[in-house]
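Shown below, as structure tokens, is a lone chain in the form predicted alone; questions about how it binds or moves come after it.
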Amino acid sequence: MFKIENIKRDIDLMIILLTILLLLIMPLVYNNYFFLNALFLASLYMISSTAWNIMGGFTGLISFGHAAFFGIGAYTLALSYNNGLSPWIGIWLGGAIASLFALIISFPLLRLRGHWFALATIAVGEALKLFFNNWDYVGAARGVELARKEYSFAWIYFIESIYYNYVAVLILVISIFIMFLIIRGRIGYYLQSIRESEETTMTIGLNPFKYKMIAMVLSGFFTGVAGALYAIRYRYIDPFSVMDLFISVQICLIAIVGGVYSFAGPLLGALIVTPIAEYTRALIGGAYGARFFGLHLLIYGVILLILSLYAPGGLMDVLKRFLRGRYR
């Protein structure tokens, strides 16, 4: 059984519980369409950035191509949905197909290290985007629109957008629970050992390639789940909306701002960075975008720069130092 003092000291667990609680309560407190959309995107990025962190933070594999997994998950959901498959199955099927793709590309990519691996992930992501952009079966550049179904929980098709938020929270809870058990288990310790020194890891009888592959497959799976959630919510996708390099950068950025050496860092990063990005785009971009194109991105960048200056180790690093001082 958990004691209160143990929960206080387990800061990751505390942040996870508080984040989920906020995602459940805030839509009821402020039921505004734009705010609900920002919260939905935050939930989506919590899943994908935590998945990215399995590779980037815990294993040391920096990827800028996670939009490939995100897009595969979105397309799998859309195509299976249009062919009559339940979206509750399609969401996890999207993750499975994305993880299969991750397994296939892991053989050549994991032979690369450092910046070469990062560059290769960009190349894979951009190549896949161009491939889907010219693949007629998936609609090519026209994209795919999800078929209209009856409004129901079974088809995850609602009039009120708030219900999509709670579906996202449900999938988030399941995904975070699974990833938390993995990272807190034996595999998580192996991955961190590989991040620190592959040579040392081999001396204790572990195969770094095997566990890096496991990290990539797991990361691809949950990023694909996030992509499937995107498709079911917005009901239209094309290669540039779900496979763009910006998505990969955003996933990576949220994890870094939150703190890559902490499991809960990406959750905290998504809860703060995503609303900032959305409101900056809407308020500043909407008001001045026509005259000063890209001004909102400049303001967004300045905000992130300030965050990085005051929290170089991520927001979780600052929070942990503060809480450990209080509960010492």
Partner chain sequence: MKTILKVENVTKRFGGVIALNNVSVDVYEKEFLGIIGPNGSGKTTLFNVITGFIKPDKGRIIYMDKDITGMPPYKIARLGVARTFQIMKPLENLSVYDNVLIYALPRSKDVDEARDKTEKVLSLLDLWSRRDVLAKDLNAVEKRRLELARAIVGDPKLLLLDEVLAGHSPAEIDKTLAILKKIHESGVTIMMIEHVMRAIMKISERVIVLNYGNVIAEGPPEKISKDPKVIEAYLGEGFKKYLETNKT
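Given the structure is predicted, the values throughout are model-derived calculations rather than measurements. Numbering follows the first chain given and starts at 1.
In what follows, reference is made to the form predicted in complex with its partner chain, a form of this protein that is not presented.
This chain appears without its partner; in the predicted bound form, the one residue of 147, 103, 174, 202 with a heavy atom within 4.5 Å of its partner chain is 202. Only one of 87-95, 181-189, 71-79, 212-220 places residue heavy atoms within 4.5 angstroms of its partner chain in the predicted bound form, namely 181-189.
Contact annotation for residue 193: at least one heavy atom lies within 4.5 Å of its partner chain in the predicted bound form. Among heavy atoms of residue 162, none comes within 4.5 Å of its partner chain in the predicted bound form.
Its partner chain in the predicted bound form is not approached by residue 170, whose heavy atoms all lie more than 4.5 angstroms from it.
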